[in-house]
Structure formats: structure tokens, C-alpha cells
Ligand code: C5P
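In C-alpha cells, one chain follows: the form predicted alone.
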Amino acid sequence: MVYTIQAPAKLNRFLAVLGRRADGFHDLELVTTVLNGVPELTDTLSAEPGMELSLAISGPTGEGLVPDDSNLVLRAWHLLEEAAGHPLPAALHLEKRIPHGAGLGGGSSDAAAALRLGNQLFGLDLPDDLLLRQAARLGSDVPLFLLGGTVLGLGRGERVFPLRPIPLEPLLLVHPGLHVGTPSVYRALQSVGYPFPEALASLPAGAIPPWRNDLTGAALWVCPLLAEVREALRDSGGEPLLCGSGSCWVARYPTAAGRDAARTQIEGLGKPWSVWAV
């Protein structure tokens, strides 16, 4: 029997960099929403029991991804085997739609999906707290995908807490097809500095957190071409925000009609950009 699970993208509507830690990582505060229900920005992971562990990768954004032990899906599966205490042979298939290096958390979402899928496929009944600990070993963004919905992330982002759902404004996401490496952006912070070295102030119930990403200056330092997308979104009447460490941008609009008009305007530029309305 084949089991299938969805691995959606995510959107950080608030990302504060509070400083560098002694271990070289940075203390962050994040408010993240998992973008469920957007098929164009959702990977699909399927699995069935097999004679050995294997991973096949396909899909519009799967080119160049290698199913070796550096792959987050296989790393997550090996952590499940460690927790189970025995091998979990399975034939895995990952259909990739989330662009790599866009700041949308595709690899982390795939890893979280692997943890959930393997737990289900083999009836391991591993508790949620154990899965969250394993997820944190894989990467800072992986735990938030296990929770889903709207999530507060602290520390490196791996300490996660569920929040009340925050309604999303009409959004337009634009990916210029560029890859921006997260480590290079964090290294660039040493050159551009920390623009807002303070955490999110306490908000009353139901209040919407600021539209903010402290990595924007560093990402533009690493990849100046990103500014072209930002300006196009501004010209369309949107309020742009960099997704994670880049290279995808999201812009919010007062109305869905304004968002749709902006999509037509941006697609009319003739740029080799991918555009999604949410």
C-alpha cells in the first residue's frame, strides 16, 4: 500500500535577528504560516514498504537534487530508524514543486513530511515530542512544519509554539529563479549589520505582527539582483517582503482585485519569474 503526504511551503511574515550566539548561530524570533492549500507550492512525498530504502525525485523543481545521504528526506528517515531501533526499508518518491533556495522551506517541509510518513507507514507510534526533537536535529525550520498552521519560532527557530491563526492578506509570491544560500546571507550580516535588534513587542489578542524580515539587507548584499523583484512589486502597488533568506518575495495587497491586477502587470514584464497568487 502506498502512503502519501503533502509538504507545503511556508511564509515568514515576521523574522527578527536578535544577535549572534557563541556557537555561531543567530538568535531569531519568527512568526511563520504554513501555506496549506497552495498546490503549486506543495511537494508530495509517497512511500511504500520495500526491500531496501530508496528515494526517487521528480517534479518541476526536482532537477539537480540528489537522493544521497545529504538529502533531508533520507536524513529524516535515518533518524526514524534510529528511534525505532531497526531499519525501515521503503521506496520513497518525492515530487518537488517548491523552488530550492527560495526561502520557502521546501527541504525542511520535505523532512517533516518524511518523519510523519515513516511514523505512519510502519506504525511506530512515536510521540510528538520525540518527533519534534528529531526535527530540530535536521534543521531550524523542520519543527514548525510538524506543528503546521501559524507558529512562533525562538532560538534558532527550532523552539516552536502554536499561535492563533493569522488571516493572510491577498498575497503575490514572485520567484526570480535565483538560488540564495542561507549560510551566505547570515555571514553577510557581519557586513551589513542588524537593522532592528529587538524582539517583537507583546501584541494584544488578535493583533497582526509586523511585516518584517531582518535578513533583507544581507540577502541584497549577497544577491543584488533581488532588488529588481522588490521594485516590480512596489510598482504594482504591493508591500514586498523577502521570504526567509530569499530569493522569493511576497507582497501583500489591500484587495484580491489589486493582487490579481498586480499579477497581470508583473507577468507582463516578460521576466523569467514564477508568480503565484495566494
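All residue numbers are counted from 1 along the displayed sequence. Keep in mind that what you see is a predicted model, and the values were worked out from it rather than measured.
Unshown form predicted together with cytidine-5'-monophosphate (C5P); subsequent notes refer to it.
Review point. Counting only heavy atoms and a 4.5 Å cutoff, which of 168-176, 137-145, 80-88, 123-131 contacts cytidine-5'-monophosphate (C5P) in the model of the complex?
Key: The contacting stretch here is 137-145.
Exercise for review: Spell it out for me: taking cytidine-5'-monophosphate (C5P) in the model of the complex, does every residue among Arg13, Arg212 and Trp249 have a heavy atom no farther than 4.5 Å from it?
Suggested key: Heavy-atom distance to cytidine-5'-monophosphate (C5P) in the model of the complex: none of the three under 4.5 Å.
Check your understanding: Taking cytidine-5'-monophosphate (C5P) in the model of the complex as the reference, which of Thr150, Asn119, Asn71, Thr182 has a non-hydrogen atom within 4.5 Å?
Key -> Answer to the contact question: Thr182.
Exercise for review: Decide whether Arg156 counts as a contact residue for cytidine-5'-monophosphate (C5P) in the model of the complex under a heavy atom distance cut-off of 4.5 Å.
Suggested key: Contact with cytidine-5'-monophosphate (C5P), yes.
Review point. So in the model of the complex, does Gly268 come within 4.5 Å of cytidine-5'-monophosphate (C5P), heavy atom to heavy atom?
Key: No, Gly268 sits far enough from cytidine-5'-monophosphate (C5P) in the model of the complex that none of its heavy atoms falls within 4.5 Å.
Check your understanding: Is Leu28 close enough to cytidine-5'-monophosphate (C5P) in the model of the complex to count, meaning some heavy atom within 4.5 Å?
Key -> Yes, contact at 4.5 Å.
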